[in-house]
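First, one chain by itself in structure tokens, the form predicted on its own.
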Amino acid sequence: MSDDTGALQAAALERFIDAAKRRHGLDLSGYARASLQRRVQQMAERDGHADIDALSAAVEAGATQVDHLISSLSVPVTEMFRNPSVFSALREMVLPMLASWPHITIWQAGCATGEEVYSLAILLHEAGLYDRCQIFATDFNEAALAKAQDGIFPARDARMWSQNYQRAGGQASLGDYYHAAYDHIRLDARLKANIHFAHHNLVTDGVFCEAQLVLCRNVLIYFNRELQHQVLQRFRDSLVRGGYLCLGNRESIHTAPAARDLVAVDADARIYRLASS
């Protein structure tokens, strides 16, 4: 790609960002440009537009609804017990400490289609903590949230998820937590009992709870550094003293102001703890 072409595409992306904000109040200005450029280009092609400027014109004209924009641009890629070593670390190092609180609040931010929050629910169940937990699972993608709330997933993924579960130190069989029918599995209703699925936009919405554990994995990688720092501060402000933060394996707190209050518990698993004093 020539410098001129790259500059033109970058300018088109900025016009799209302006259009989304003017028409729908959707603020994409803090998203990392390279990945956003790919997703907007893919959306333009899927929707039959000649280019990003044509998509922007459709947005400006109100021909593209905000839910469609969010569904098209968000990245709800996840799986149960993704990165099993992280769940093993949560099981061994974090859950025993959570047990010291009489009531446990957990925020799973950017829960996408819910596979990870159900994985966490299984960990808590096996640790005997689930009944005294409330778990807030939030996302700004309403379609993904609806799927998460259903707890129904393609059966083709169950074998890999079972392997992940065992590698994460699972104490039973993953099959004990779902019912299979036709080509899908439905997760057991007991895993949903203490999970509250809710809309929350990490870009614009603030702190809403005090939590002993905040998980947000593989979301910050789509934000620019300034927005990453803002969101990390929001997580830090959501934690009680001694509370835990778990990020994705490619995410870091090192340059963020919030890092001064957080201590690495397991650097490889990206698990941090808010200093107690």
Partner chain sequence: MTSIDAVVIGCSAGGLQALKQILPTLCPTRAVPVLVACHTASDDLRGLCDLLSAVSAWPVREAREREIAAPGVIQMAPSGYHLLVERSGELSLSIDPRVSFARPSIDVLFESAAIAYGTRLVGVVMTGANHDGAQGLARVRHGGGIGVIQDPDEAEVDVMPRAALAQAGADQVLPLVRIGPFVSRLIDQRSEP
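Keep in mind it's a predicted model, so treat the numbers as computed, not measured. Numbering follows the first chain given and starts at 1.
Not on display, but discussed next: the form predicted in complex with the partner chain.
K.L.:
Kindly confirm or deny that 5, 82 and 228 each have some heavy atom within 4.5 angstroms of the partner chain in the model of the complex.
P.N.:
Looking in the model of the complex, the three residues 5, 82 and 228 all sit within 4.5 Å of the partner chain (heavy atoms).
K.L.:
Quick one: find which of 63 to 71, 237 to 245, 207 to 215, 27 to 35 has residues within 4.5 Å of the partner chain in the model of the complex by heavy atom distance.
P.N.:
Stretch 27 to 35 is the one.
K.L.:
With the partner left out here, check for me: in the model of the complex, does some heavy atom of residue 75 sit within 4.5 Å of the partner chain?
P.N.:
So residue 75 counts as contacting the partner chain.
K.L.:
Wondering, does residue 46 line up within 4.5 Å of the partner chain in the model of the complex on heavy atoms?
P.N.:
No, residue 46 is distant from the partner.
K.L.:
Please determine whether residue 254 contacts the partner chain in the model of the complex, using a 4.5 Å cut-off between heavy atoms.
P.N.:
Yes, residue 254 is a contact residue.
K.L.:
Using a 4.5 Å heavy atom cut-off, state whether residue 249 contacts the partner chain in the model of the complex.
P.N.:
Output for residue 249 is yes: heavy atoms within 4.5 Å of the partner chain.
K.L.:
At a 4.5 angstroms cut-off on non-hydrogen atoms, which residues of 255 to 275 are near the partner chain in the model of the complex? List them in order.
P.N.:
The stretch 255 to 275, when checked against the partner chain in the model of the complex, contributes only 268 at the 4.5 Å heavy-atom cut-off.
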